[in-house]
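Quick heads-up: it's one chain on its own, the form predicted on its own, in structure tokens.
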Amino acid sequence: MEQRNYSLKSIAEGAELFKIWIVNLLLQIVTLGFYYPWGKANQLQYLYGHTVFENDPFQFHGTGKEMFVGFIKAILCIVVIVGIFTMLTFMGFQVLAFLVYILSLTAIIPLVIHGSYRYRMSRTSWRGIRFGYRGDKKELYGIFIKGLLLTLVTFGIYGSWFVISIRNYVLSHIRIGNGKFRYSGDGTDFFVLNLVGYLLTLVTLGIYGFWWQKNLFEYYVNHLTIENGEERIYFKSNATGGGFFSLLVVNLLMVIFTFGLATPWVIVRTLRIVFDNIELQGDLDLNKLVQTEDNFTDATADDMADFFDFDLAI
């Protein structure tokens, strides 16, 4: 099959998203936050449904009910951790309380990553073909614990290898039917990229930071592929430092001068610019993709990811 270009774009509209966003905000206020899962589901359904790959939209099948159950479980889990910390503190075991708190949060992180991807991918489809995540929880814990210990021992230097090892593992276990995602990042390259970015950002009093963000985006995108047998789709970034400067500064000004009311337009603008700066080329026959993945409806980890402000890479 000859090499070809594939189209990926967002057709979401700020005004339409604003209607969903403002209703969600008002209902969360009225219900003291309990409407949050339904609001999140509504927003994801709109954004996924208005993201188009090869003229066909993605779909998000998650429901407010699923997310509410996960929301309650996530809250209870956090309440238990905070409760134990508070109890030990009042009993005078401050050091033990701190250790229990840190260890508990650390133990939760791989679970949140694993569960979030498993739920979000399972509830996403394109042309009726579901995505899936086939990572193993024990394997992810092993990679996480090893990376965390080496990062602590090296006073943060191993952090770049740690991040890339997690990203390589997680993204390489995502499926779309019988199609497989592959991520091939290298810790050394990522370390050099961040070191140079950090130093140049200091020297230029922050100005180079926008180009650093562009380089990070480029690195994340350029090492991602989708494969089915010998056929591939390659991701490539066309982003520029100037483009990132415009994106981030304008978004910030929009939020500040509208007191947050422009948030839906910021989301839509960001998605459009991001997708416009991703080029997809390859020889993968999309008609050969067939359904292989199972449903998974436990949204607990996905809700916990919100609490900890984790962003899914895909």
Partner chain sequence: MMIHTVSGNYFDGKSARPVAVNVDFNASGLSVYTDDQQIAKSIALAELSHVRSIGKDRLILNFNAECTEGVDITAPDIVMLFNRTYPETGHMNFLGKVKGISNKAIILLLSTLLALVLIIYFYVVPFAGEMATHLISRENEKALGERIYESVLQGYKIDTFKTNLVNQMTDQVDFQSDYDLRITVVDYDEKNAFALPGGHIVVFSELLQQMHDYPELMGLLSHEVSHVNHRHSLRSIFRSLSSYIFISVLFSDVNGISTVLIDNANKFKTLSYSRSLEEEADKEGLKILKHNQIDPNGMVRLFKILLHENKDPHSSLEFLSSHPRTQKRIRYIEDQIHSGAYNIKKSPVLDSLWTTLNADY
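Everything numeric in this text was worked out from a predicted model, so none of it was measured. Residue numbers count along the first chain shown, from 1.
Beyond what is shown, the protein has a form predicted in complex with the partner chain; the following relates to that form.
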Of these, 94 to 102, 221 to 229, 167 to 175, 126 to 134, which stretch puts a heavy atom within 4.5 angstroms of the partner chain in the predicted bound form?
-> 126 to 134
Three-residue site N42, F58 and I256 fully in contact with the partner chain in the predicted bound form at 4.5 Å by heavy atom = yes
Consider H50 of the chain shown here, and say whether it contacts the partner chain in the predicted bound form, taking contact as heavy atoms within 4.5 Å.
-> yes
In the predicted bound form, V249 touching the partner chain (heavy atom, 4.5 Å) = no
The partner chain contact in the predicted bound form: Y35, any heavy atom under 4.5 Å | yes
Decide whether Y46 counts as a contact residue for the partner chain in the predicted bound form under a heavy atom distance cut-off of 4.5 Å.
-> yes
